[in-house]
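Given next, in structure tokens, is a single chain: the form predicted alone.
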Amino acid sequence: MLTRIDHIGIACLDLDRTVEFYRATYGFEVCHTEVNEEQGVREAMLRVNGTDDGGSSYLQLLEPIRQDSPVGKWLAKNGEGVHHIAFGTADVDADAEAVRGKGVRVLYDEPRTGSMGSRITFLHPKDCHGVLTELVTSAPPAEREH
């Protein structure tokens, strides 16, 4: 089922300033940036390490591009900080169905496109002990958007 922690999503008000903090403090470098219009965010992925299954673990810094985006609403209510945790899986469709079968609400009927061409879905935080949880199937290396 789940193979690794894919990333920790961190909501921020100023992406460039937050990237600089993680670069100066921990030495993490940006390996990918994009604007996800559907999710209403500008994001930067900072690679933390590689993993045994060939994937990597990242920090995903998220700055809303619209106040009415999910991250924009979350920031208005909670301020900057950890927004979600994402677990890597070889098959987001099968694992979403498996968790749904255990009574956990899956927020999307069908997985959507996430960072670097991945396929994603989210699990309701009220069913995950208060933690917004994402399931991620990474795109094959040749198909990743950089």
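Start at 1 and count along the sequence shown; that's the residue number. Worth saying up front: this structure is predicted, and the values here are computed from it rather than measured.
Just so it is clear, the following notes concern the form predicted together with a further copy of the same chain, a form of the same protein that is not shown.
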property	result
Interface membership of residue 139, a further copy of the same chain in the model of the complex, 4.5 Å heavy atom rule	no
Any non-hydrogen atom of residue 80 within 4.5 angstroms of a further copy of the same chain in the model of the complex	yes
Residue contact check: residue 47 to a further copy of the same chain in the model of the complex, 4.5 Å heavy atom	yes
Partner contact for residue 116 in the model of the complex: a further copy of the same chain, 4.5 angstroms, heavy atom	no
Segment that reaches a further copy of the same chain in the model of the complex - one of 107-115, 31-39, 80-88, 65-73, heavy atoms within 4.5 Å	80-88
Within 4.5 Å of a further copy of the same chain in the model of the complex: residues from 1-39 (heavy atom criterion)	2, 3, 4, 5, 8, 10, 17, 18, 21, 22, 24, 25, 26, 28
